[in-house]
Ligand SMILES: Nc1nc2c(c(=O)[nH]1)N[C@H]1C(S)=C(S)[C@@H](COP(=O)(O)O)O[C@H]1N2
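A single chain, nothing else alongside it, follows as structure tokens in the form predicted on its own.
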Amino acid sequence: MNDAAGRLMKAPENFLDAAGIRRVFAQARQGRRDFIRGAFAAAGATAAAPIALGADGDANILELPAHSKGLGQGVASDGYGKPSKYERNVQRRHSPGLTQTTQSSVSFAPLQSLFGIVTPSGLHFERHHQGWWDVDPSKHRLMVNGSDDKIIKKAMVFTMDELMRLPSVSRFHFIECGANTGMEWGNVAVPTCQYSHGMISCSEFTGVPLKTLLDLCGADWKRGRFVLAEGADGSSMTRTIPRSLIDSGEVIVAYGQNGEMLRPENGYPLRLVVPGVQGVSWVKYLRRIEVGDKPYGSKDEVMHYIDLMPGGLHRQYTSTQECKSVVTTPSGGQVLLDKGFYNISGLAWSGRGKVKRVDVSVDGGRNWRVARLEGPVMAKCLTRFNIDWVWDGKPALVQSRASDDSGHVQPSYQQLRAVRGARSIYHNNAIQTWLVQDSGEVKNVQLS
């Protein structure tokens, strides 16, 4: 990158103003050969005459379309809004061959097509162990009990109506499958951001703090150091949750998501929300909470969702989702149509707290610049970042590197594999690299 480009891109506050961006687009129409020189000159301009951004000779703005001259459709008859037909390509996608049955499989959220930090409920990623159910809420019950009759004073059974009458909280949090990006441990395995990182979503969850229910039952917090969460689906998913997470009030028994009831594939009518912890602990179709004095060692804690370490040892109870980020635009499968100004955008998150900083590189990590973080920046929640970039039409290696307020920094693949090896599945938080080819096509690559 030459000196002019370096001055333009060196800091997040040094981005093009509206007049500069207009000039960049205008110069693009004058020919690719002189475009970059014009773009850099435009960066220093403080004022310019208005210039249309549309293609030369585009007369569409001068001709009124049918929808400007006729009567539109009436109120939706089915009572629930749907996306435009022109957005039907934005959908969750299942990977054929990933599992033998769809009842024990995954659908990936289209991160590359989303804005902000909230995932629409209909695009929220799915992970099922025994298929999903549409459970009758009038018949669903939640039982809270102890491992013995002394650890809890009074076992209780709650109906949905009783739970929803209690004081509620609403909080934004991400949920990420522990196996997200797991296919990339050995080498590049998938072409797009949706398949490499799409087992993550972020929503506003509403419900009752689990601590409230345990206090109602008179839990003995001197002995009750763990709880077991049990789901009502055919897999009988059970997970141990440590008291340290519950004491803070973070763990929620949730019935709401993004302002409405949970969707059936997301655990309707009741699920556990355990911020910062891998999604398998966010037990769906929640039917029972048991208080105990030690980890329960369920099958999905001692046989599954464990980390294979170099030398053959396994790590257990490694639930925290580490500091991580990914550039969603430009990303694999996308195409840059011309040289010039682009907004690099992506998502960052950490199960340990708030994202503090995101650095972006376009040369494979040789040089880094600080990206802008969009507010609000919340703990254990997705954070959107952006940074300006003028692409000169040459190959580029685009990366992002997140840091959180606990001091953790997202590692490179070389750093991660030095500790974890290359045969693992879970908790891959390595830096992602996208290769922008001179043709504008973007590919998934890994740097050694």
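What you see is a predicted model; the values in this text were computed from it and never measured. For every residue, the number given is its place in the sequence shown, counted from 1.
There is another form of the same protein, the form predicted together with the ligand; it is not shown, and what comes next is about it.
Engineer: Can you tell me whether residue 159 touches the ligand? I mean in the predicted complex, with a 4.5 angstroms heavy atom cut-off.
Structural biologist: Flag for residue 159 set to no.
Engineer: Counting only non-hydrogen atoms and a 4.5 angstroms cut-off, does residue 235 reach the ligand in the predicted complex?
Structural biologist: Within the cut-off, so yes.
Engineer: Could you tell me if residue 129 has a non-hydrogen atom within 4.5 Å of the ligand in the predicted complex?
Structural biologist: Output for residue 129 is yes: heavy atoms within 4.5 Å of the ligand.
Engineer: Taking the ligand as it sits in the predicted complex, is residue 108 near enough to touch it, meaning that at least one heavy atom pair lies within 4.5 angstroms?
Structural biologist: Taking the distances in the predicted complex, the answer for residue 108 is no, it never comes within 4.5 Å of the ligand.
Engineer: Taking 4.5 angstroms as the heavy atom distance cut-off, pick the stretch from 329 to 337, 164 to 172, 310 to 318, 258 to 266 that is near the ligand in the predicted complex.
Structural biologist: That would be stretch 258 to 266.
Engineer: If the cut-off is 4.5 angstroms on heavy atoms, which of these, 195, 185, 305, 341, is the one near the ligand in the predicted complex?
Structural biologist: Among 195, 185, 305, 341, a heavy atom within 4.5 Å of the ligand in the predicted complex occurs only for 305.
Engineer: From the list 214, 177, 371, 323, which entry has a heavy atom within 4.5 Å of the ligand in the predicted complex?
Structural biologist: Contact check passes for 177.
Engineer: What are the residues of 404 to 431, in order along the chain, with a heavy atom within 4.5 Å of the ligand in the predicted complex?
Structural biologist: The stretch does not touch the partner at all.
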